[in-house]
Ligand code: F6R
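Only one chain is shown below, in structure tokens, and it's the form predicted alone.
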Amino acid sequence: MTNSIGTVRQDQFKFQLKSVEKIPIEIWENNSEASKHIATSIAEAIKDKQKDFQPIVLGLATGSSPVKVYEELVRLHKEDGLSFSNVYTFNLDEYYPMQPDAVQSYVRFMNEHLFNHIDIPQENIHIPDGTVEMDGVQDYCDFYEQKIESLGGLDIQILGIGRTGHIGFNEPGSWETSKTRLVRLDNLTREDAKGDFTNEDVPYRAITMGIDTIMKAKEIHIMAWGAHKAPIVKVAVEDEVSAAVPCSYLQHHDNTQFYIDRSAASELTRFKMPWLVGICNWDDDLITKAVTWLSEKLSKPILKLTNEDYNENNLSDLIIEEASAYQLNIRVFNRLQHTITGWPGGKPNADDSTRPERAKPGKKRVIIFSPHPDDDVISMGGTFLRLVDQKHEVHVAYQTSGNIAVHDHDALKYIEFYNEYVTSVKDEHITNDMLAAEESIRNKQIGQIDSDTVRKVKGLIRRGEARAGARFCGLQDSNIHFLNLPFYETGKTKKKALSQDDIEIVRNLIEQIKPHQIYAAGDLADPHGTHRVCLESIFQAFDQLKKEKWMKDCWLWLYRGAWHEYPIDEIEMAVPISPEELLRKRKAIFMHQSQKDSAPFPGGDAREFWQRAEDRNREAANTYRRLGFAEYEAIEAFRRWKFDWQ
């Protein structure tokens, strides 16, 4: 992306950062490259020990953060001959109680991601036992500690960080002297784990290594990927050590390295408020960030900021070259004003020099890509309606089936209806598949993957709801496209890697329609989720089509998901939504009945999707209002992704 906002070179402030960041941090463009770096470091340590005929002890973590590290270690084993014959491993934690063959067990996780693919001796693998009887847990934990110590302690410990600041399952309140023990899980931790426990409760307890156990490791690699980790990363590395944020204890460790991507770094002072830690290279993006920050901090509209306001808040540099603060205020105010438009497809026969979109052609071909079958109306339903109302040729493309996000009871309702209808009309051709599907759901075991037929039914439920929502927004069926990208079709929360088959499906649709505008879920902050993979499929399709002349006129606009909005200084198109349009958007979301009331994957937010969407849209409008702009009911926000060849 060529128009990155407020980018600050990491080395620009090295002379001052130690007073702000108390744990060494490496910031990477993406988690793939960072994970390869970590895996290479571990591989070199393993080989160094092998040269001296010594064992090496690794502390391992589960969850999404280390997955790509394990993938790279497996690749190094298979392609470069890296041996794990001298490696002993100790996992951080395990749910309690938990059977080792359960879908959610960390035994299964580690086997699938690492152990089944390398030559580590089975007796060298240690994972906390979730089947130990309650009266034997403490003795077992003591044994786990003694086993680590008998091997000389942990040489390298891999960690992720939870949103509560936990490392392992050391939740807020854990002491620095804590050992391996049974703990009670924080509510937020359990909410975050719900995606792995689709039809059952997340355990309340777990066995975890203690803070003291972790701190004795000779070397620690800790990772955080995505914007949802940004707030806790800042607290852990910049604030004082506190039991309320167990990760902050790592400030006391002599050899810890924190690896994060750009999204996880977004709340660090050097990125969010770089003027507080060093001399800045001021450009228009960074100036806008600083002025809007000052306006919000002082609760004053931009046009009311004074010279004293800038001088007293470390921003005196901004007004040195200006005749007055007011001149700077006007410049920033105008820039933000020009992001607001009621014409997301461009206003025909109008001066478009200060508008986000082009005036020509007056009627554009538009594709709205929706990763799941409801992201279109949840994230940009008001703009969707506006584009249709303004007579653009709008297409919507649902990239995945969304079939795992349907409750069993909803699927059973449809299957029973079908079976009872066919029986009532005495149709002798009733399918055995549907009867088997009904039986499958009725006898489904905890953690069991749905049969192909059940997944098909659930996918059809999502498809019907998506079609109803798009029709409500005014689309003809010919403009509604279901792509069913293959990477998604595993029946599990863990998906396959993006393949050329996925990319070709997306590319073919773009090539067929030749759009002037594409809207896509721009959740770059989520490095593991479906949104990020779906966006990557679009990026790859653009790359394969870039030599086509018509592609130079195809603009890509990114929207955020249901939880977070772009910061005000990063918004490049803000579409006001009237009260009537907001109500229409709500009704479009209501078409997705299987996701209403209690969606299978609600995230850590008790609100329904329509409530989250409306609250976010209203808060965006309130942010503009606080800065001194007109008061709107709601606003949907977008950023344009610009390719180097455009």
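Because the structure is predicted, anything quoted here is derived from the model rather than measured. Residues carry their position along the shown sequence, with the first being 1.
One more form of this protein should be noted, the form predicted together with fructose -6-phosphate, which is absent from this view; the next part is about it.
Remark: residue 161 counts among the residues lining fructose -6-phosphate in the predicted bound form, judged by a heavy atom distance of 4.5 Å or less. Proximity of residue 90 to fructose -6-phosphate in the predicted bound form: non-hydrogen atoms within 4.5 Å are absent; the residue sits far from the partner. Remark: residue 613 does not count among the residues lining fructose -6-phosphate in the predicted bound form, judged by a heavy atom distance of 4.5 Å or less. Put simply, residue 35 is far from fructose -6-phosphate in the predicted bound form: not one heavy atom of it is within 4.5 Å. In short, of 311-319, 404-412, 491-499, 168-176 it is 168-176 that has heavy atoms within 4.5 Å of fructose -6-phosphate in the predicted bound form. Scanning 39, 61, 57, 621 against fructose -6-phosphate in the predicted bound form with a 4.5 Å heavy atom cut-off leaves one residue, 61.
Residue-level contacts in the predicted bound form: of 259, 106, 369, 249, one residue has a heavy atom within 4.5 Å of fructose -6-phosphate, and it is 106. Contacts with fructose -6-phosphate in the predicted bound form, taken as any heavy atom within 4.5 Å, map within 226-259 to 229 alone.
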